[in-house]
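The chain below stands alone, shown as structure tokens; this is the form predicted on its own.
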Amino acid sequence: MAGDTRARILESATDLFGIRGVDAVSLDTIAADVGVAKQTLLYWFESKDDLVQAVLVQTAGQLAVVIEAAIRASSDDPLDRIEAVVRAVFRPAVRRPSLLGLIGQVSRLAPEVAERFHDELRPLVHRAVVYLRVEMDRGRVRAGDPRLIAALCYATVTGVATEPEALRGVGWLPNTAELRRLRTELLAFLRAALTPAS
């Protein structure tokens, strides 16, 4: 039951931070949403920064699990594999759009808070760079700097997915159908960008 309280706090914080923004959500708001006293929340998380870090670590861990599953289930073709990873990242976001909002908050956080999130993702990034380097050497992905290509793929996926205001400017609406359409266009863009020249 005690672990359930901690899990409910994390779930509430994930949604509220992702929808409203970290700065706009107080510990009082989260405690009220969960239905516990603020002191109960502070029992589990000593400060707002601790809670933000726990939310980001949990999100990074969930992201790692879905990416790993997508890699194992995909074909050997590198473009198919990259597409499978992007689909895997978007799948939870379609069901729970606040996750993308949360990822968009990372760049706005204090460096020491955001660093823990990046630490959690660093092994995935390293693996992606090594994979791209191997596939470039084999001629199956467009040649380039694998570190920059990995960074561009990450920035494209997260940037497009987490900047709804910029997307609204071109008539995009933040709903499930439009998120799927966005994913389709993004996948086509990445495939075209990474296909090796004939």
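For every residue, the number given is its place in the sequence shown, counted from 1. None of these values were measured; they are calculated from a predicted model.
Not pictured, yet referred to below: the form predicted together with the DNA.
Note that among 148-156, 64-72, 131-139, 33-41, the stretch whose heavy atoms approach the DNA to within 4.5 Å in the predicted complex is 33-41. Of the candidates Val25, Leu179, Leu187, Leu10, Val25 is the one whose heavy atoms come within 4.5 Å of the DNA in the predicted complex; the others do not. For the partner-free chain shown, nothing in 116-141 comes within 4.5 angstroms of the DNA in the predicted complex, judged by any non-hydrogen atom.
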